[in-house]
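Only one chain is included here, represented as structure tokens and corresponding to the form predicted alone.
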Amino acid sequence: MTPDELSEALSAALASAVADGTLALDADALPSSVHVERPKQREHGDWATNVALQLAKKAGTTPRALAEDLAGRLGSTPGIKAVDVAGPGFLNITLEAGAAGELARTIVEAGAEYGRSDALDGQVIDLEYISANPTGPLHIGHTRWAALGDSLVRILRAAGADVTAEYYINDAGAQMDRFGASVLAQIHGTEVPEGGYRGEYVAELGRQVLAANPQIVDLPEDEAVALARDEAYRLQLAEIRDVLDSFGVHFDVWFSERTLHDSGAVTTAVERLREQGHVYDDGGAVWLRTTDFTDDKDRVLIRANGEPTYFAADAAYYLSKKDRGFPGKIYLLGADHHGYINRLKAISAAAGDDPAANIEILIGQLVSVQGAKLSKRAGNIIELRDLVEWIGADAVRYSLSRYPADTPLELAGEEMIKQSNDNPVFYVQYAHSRTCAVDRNAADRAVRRVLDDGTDGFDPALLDHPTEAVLVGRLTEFPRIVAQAAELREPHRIARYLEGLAADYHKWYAECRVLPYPDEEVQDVHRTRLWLNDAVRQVLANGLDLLGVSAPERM
């Protein structure tokens, strides 16, 4: 019996109480679904609900009286072993071993689909993250959003949302000209201009640009800067894509800021916002009245010299997302972008959207890694490429995913690569590899889930050991955890769940034999436990995949 099935049984019991007049409520006053949760203490049963406390006052009765009535109605439900009333009116429900254990077969048959739901069905979301300037390599500051952003995309999709992962390329403005001038300076062997870019990577870009474009040394300076800028930009963006690919991060859309300016979208955006009544002129500049929408001051869209601001590009980009059919827009921004929250929400409101529904801005805090060396190529930064080569993509991604995004984070680099139970990613991956080892050994001992006659050799009633009840209960929670992680935008819930599942599995493995002793016949209990082993393997694999982490078969 799944939590959803138990919730339905509780709803049916409430409806029955209303129908016979025991519960003095209208049917439409009943909750659409009854929430059940795992008790903190195992001896309190498999599931608990406080629905009696929620409804008793409305019905003119006491919570305990309502709970006792519901307990009596649930007692005859197939699959329920016992229903106890605790405290002022909590219901503690214990399932029959067979009803609980049936979940193992359900999970194995569902495969990669187990844990997926329609919780966010109908939501169409553009999720923008990283969006680093293409003027240098990705560094540790981008790494956290690379891990969390990609995991969040996966989790939202698992919950039924239609999600587009988008990278906004900041390839317009003075920074790009400085980038081009810096590369050109390397080509000529001259001093990098003030405010320019330094590091061995700029010198390497200069060498590549010169090799492909030897004529650049004879061009007028403005043409040479433009060529160096565009060629180096292309090379640097290709490297960014390559590094992200090695980190398991892939985008559906790479959106160029430059296209907003070249297409006239920035000018059009200002005109559209003016039509909404939120744009005014003052001092020769064009302003958006963002103070109408809780911003601390109005923002300049077009400077007095006619140049659009970066904020104007933000407005045009927001409208582009809206025009491309994304009601939901999630921005994942770095720790230094708190000031963007109100101004982006003001753009949303000025565009006629509901900031509470159409835009969401998540701010990530800083992260550092003990023992990480500064990049030799880029100078005073720690590159994502170096982290992946040193620690490995799995360990970096998992370690970043297991903490809330708004938590400042310092990771211990050497601890992240230890093959020890104290290392969370190793602990979870080892649990998966152990389930695979059990399968290999079972095959050698002729223990199979499906027999020669086509029957599955599965008797869930045999899963009656205390560690099996705990393990099945943990497996039951996975779909709820995934949906909750999606709704709250918190991938760390998946990681912490997997660690709990791994702990429960290791305890079960120590207590319950899947394989018979050498002189023992293969029995249904062995086959049934193999189903449970494989159910754990599937959920571990599904959960790790949501975090973009591999599920190794051997370690």
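So that there is no doubt, residue numbering starts at 1 and follows the sequence shown. It should be emphasised that the depicted structure is a prediction, and the values quoted were computed from it without experimental measurement. Under this definition, the rigid core comprises the largest set of C-alpha atoms superposing within 1.5 Å between the forms.
The same protein also exists as the form predicted in complex with the RNA; that form is not shown, yet it is the one meant from here on.
The stretch from 390 to 398, 352 to 360, 302 to 310, 124 to 132 that comes within 4.5 Å of the RNA in the predicted complex, counting heavy atoms only, is 302 to 310. Residue contact with the RNA in the predicted complex: Ala82 places no heavy atom within 4.5 Å of it. Although the partner is absent from this view, Asp4 stays clear of the RNA in the predicted complex, with no non-hydrogen atom inside 4.5 angstroms.
The RNA in the predicted complex is not approached by Glu221, whose heavy atoms all lie more than 4.5 angstroms from it.
Within 4.5 Å of any heavy atom of the RNA in the predicted complex lies no heavy atom of Arg234. For the residues Ala71, Ala172, Ile187, Leu462, the 4.5 Å heavy atom test against the RNA in the predicted complex is passed only by Ala172.
This chain appears without its partner; in the predicted complex, the one residue of Tyr167, Phe426, Tyr317, Phe179 with a heavy atom within 4.5 Å of the RNA is Phe426. In the predicted complex, the RNA lies within 4.5 angstroms of at least one heavy atom of each of the following residues of 76 to 99: Ala86, Pro88, Phe90, Asn92, in sequence order. After superposing the rigid core, the C-alpha of Arg493 moves by less than 2 Å between the shown form and the other one. Glu37 is among the residues whose C-alpha shifts by 2 Å or more between the shown form and the other one once the rigid core is aligned. In the core-superposed comparison between the shown form and the other one, Ala56 has its Cα shifted by at least 2 Å.
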